[in-house]
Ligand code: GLC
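Let's start with one chain on its own, the form predicted on its own, as structure tokens.
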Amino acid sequence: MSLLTHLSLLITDLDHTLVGNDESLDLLNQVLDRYRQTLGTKLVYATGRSRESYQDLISTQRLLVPDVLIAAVGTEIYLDAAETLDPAWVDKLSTNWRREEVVAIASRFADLESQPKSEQRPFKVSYYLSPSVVAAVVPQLQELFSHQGLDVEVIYSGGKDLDILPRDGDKGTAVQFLRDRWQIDPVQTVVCGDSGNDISLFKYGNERGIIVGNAQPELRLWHELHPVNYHYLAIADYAAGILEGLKYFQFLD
């Protein structure tokens, strides 16, 4: 039997990735809690939710306390059990981010419906957009941003959510920022996701990647177009899919 690989860092999305089935979540929590105690494994949640929405979630779900919370689609990194914003990340995203201009351009599109105030963050502007008009609206939106010299990223996920972020403000860049800080080898790092705003988790480095079985079409399509041997599409859904992937990559027997 081959030796298990040391799991130093696990980063996972929350809704429909880690959260979705209580039984498999409890099993995964047991594994991660054991690894944290015996291996010093770090746990990071990377969610599209705001910190306030994350607090609502943890009041109803049995989640381990993470070492770091990446919130608001990557634009916010919270340290100290999700209490303190990382000032270095704030400084990084502040460069060349012109939020008012982003909002002004987006307001020209009648198909973009502004999300609630709670989801509008300092480095994130969020809308609802019907999938029937995505192919028409997004390219026009991106062209206008480019014409105005706005270096932003437009992310569509879940068949409804459109987020506009600074170019280097997504989940994947936040993960690279943390991994570099902690000096953790990508081979000992696992990222997990289910939707379009998780694509960045998989596209920058060569961390081991687990796409859960219930993944959204946009992530499945991206995976099909970018096949690599260090990404795994699970059969099982939610946390069971993460457990399946950990076994596949020999982090778990």
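Treat the numbers as computed from the prediction; the structure is a model and nothing was measured. So that there is no doubt, residue numbering starts at 1 and follows the sequence shown.
Absent from the display: the form predicted together with alpha-D-glucopyranose. The rest refers to it.
Proximity of Asn197 to alpha-D-glucopyranose in the predicted complex: non-hydrogen atoms within 4.5 Å are present. Although the partner is absent here, Ser126 lies within 4.5 Å of alpha-D-glucopyranose in the predicted complex, judged by heavy atoms. Although the partner is absent here, Gln115 is a contact residue: one of its heavy atoms lies within 4.5 angstroms of alpha-D-glucopyranose in the predicted complex. At the 4.5 Å threshold, heavy atoms of Ser157 reach alpha-D-glucopyranose in the predicted complex.
The stretch among 199-207, 28-36, 47-55, 184-192 whose residues place heavy atoms within 4.5 Å of alpha-D-glucopyranose in the predicted complex is 47-55. Along 152-174, residues Ser157, Asp161, Asp163 each place a heavy atom within 4.5 Å of alpha-D-glucopyranose in the predicted complex.
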